[in-house]
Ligand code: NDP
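In structure tokens, the next block holds one chain alone, the form predicted alone.
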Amino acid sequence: MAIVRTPGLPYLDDGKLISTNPVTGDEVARLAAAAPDDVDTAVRRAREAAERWGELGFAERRRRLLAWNAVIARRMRELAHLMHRETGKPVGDGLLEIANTIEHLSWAARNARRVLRARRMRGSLLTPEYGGLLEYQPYGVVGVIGPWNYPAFTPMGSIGYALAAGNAVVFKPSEYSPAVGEWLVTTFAEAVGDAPMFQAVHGLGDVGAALTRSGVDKVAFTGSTATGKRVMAACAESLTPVVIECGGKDAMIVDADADLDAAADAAIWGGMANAGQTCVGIERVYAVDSVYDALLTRLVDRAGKLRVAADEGANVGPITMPGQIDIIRRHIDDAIARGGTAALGGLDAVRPPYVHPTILTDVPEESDAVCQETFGPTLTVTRVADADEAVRRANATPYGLGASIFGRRRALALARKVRSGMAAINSTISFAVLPTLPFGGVGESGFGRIHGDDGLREFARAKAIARRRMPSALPLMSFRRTPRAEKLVTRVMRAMHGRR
């Protein structure tokens, strides 16, 4: 009897991980699944390569990483079509993702020396005979556990920055997008040559668990909050440091002086691009009373024109993970059952493997559609008295990843008040595509940062070195210290610091 497979659901067959198309169920890739011994072997090879990679220095690593980046740039369409087959993502969305990946990899390669170079540090008034040296040394081997929704851009925010900082990387791609992960590893090897400093291990969740316990020196994880907690618990056994980027429930606040056309355009893009499968996508919109009706009209009009299909030119593709459809359906059902109204879409919008754009109004704040990450092309739109109420509601979740503010006079002040790791003013998701800005959340959205200067430092240890430059005129850090020296120190400290 033939086994009926769910389209898009990966499975194991005779030691192989099989990736399938979420619409047709056609096989996309067949890759060797890693056993625990295979993970250990990959980490051992990476550790041997890490020393060589680190010794290359910033200039040579930059040259090699930019050569890899050039390969990615030349073959963008090839990778975008692979993303389309494996995740259902529209080709245009894939091209945008890859373009941002290229920008970040270039920035990391070009700026690693500036950010991580050794620095001379001054001594202090008490210890003028000492000088300091601050160095940033690579950890060694970084384990990266990547997601499927942005299978190049998101993991490369860790991979590219870790490599630029001098680490080797062992990458466990999502089982829903292993072919994209393998493509990245293969093209790296083509550009760099013998390249065990960047390897992939494929499989289901047990392979990611094995990677966290494999002796890597740091783990960078992107995924659900529940899985992130399990990764942290596993890493805690060996005190392995982690970067955790989990889900979000990002809000957009639309103030009375906002450009409503721009706000509507950004809300629809932020909430429904990539079929809403974006950790920093907009899921909640809070609009002040004076602009609520006009904004809602614009939102419904724009969302209603989006084309949902599997072809390359569609605006909204399928839901990649079959199980996510049940969560989206439950959130819509719960919102309506609690008194919410579907201004567009609703339960009828859930047509596996697709979910059509859905806009919900009058949804109680305690409903799943407001409190929990939906990860689909849905928006809740809520009327508030003023922007301060919007901030209070935006902050009333345990998540704290991104936020969006539309307005003029108070926009910056509101962005500062929202409890989130990132915020965009009169735009959405823009903080993610600026290589100079750190990316990460607070609360149940995780901690640690990728991207920007902070992202490079995230993958390097700060090493402090103090050295004596001259004999001590006043020996303090010695048993030769005299009562006279102690009195002098007391007098100097009172004079320098004892006054208000």
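The structure displayed is predicted, hence computed values, not measured ones. Each residue number is its position in the shown sequence, starting from 1.
Beyond the structure shown, there is the form predicted in complex with the ligand, which is absent from this document and is the topic of what follows.
Note that among 343 to 351, 384 to 392, 215 to 223, 308 to 316, the stretch whose heavy atoms approach the ligand to within 4.5 Å in the predicted bound form is 215 to 223. Contact with the ligand in the predicted bound form holds for none of Met252, Ala403 and Phe431, as no heavy atom of theirs lies within 4.5 Å.
Interface residue among Leu204, Ala189, Ala256, Ala118 relative to the ligand in the predicted bound form, by the heavy atom within 4.5 Å criterion: Leu204. Residue in contact with the ligand in the predicted bound form (any heavy atom within 4.5 Å), chosen from Arg419, Arg230, Arg408, Arg338: Arg230.
Under a 4.5 angstroms non-hydrogen atom cutoff, the ligand in the predicted bound form has Gly146 among its neighbouring residues. Although the partner is absent here, Pro173 is a contact residue: one of its heavy atoms lies within 4.5 angstroms of the ligand in the predicted bound form. Thr358 falls outside the set of residues with a heavy atom inside 4.5 Å of the ligand in the predicted bound form. Taking non-hydrogen atoms only, Glu182 never approaches the ligand to within 4.5 angstroms in the predicted bound form.
Counting a residue when any of its non-hydrogen atoms is within 4.5 Å of the ligand in the predicted bound form, the hits in 373 to 400 run Glu373, Phe375.
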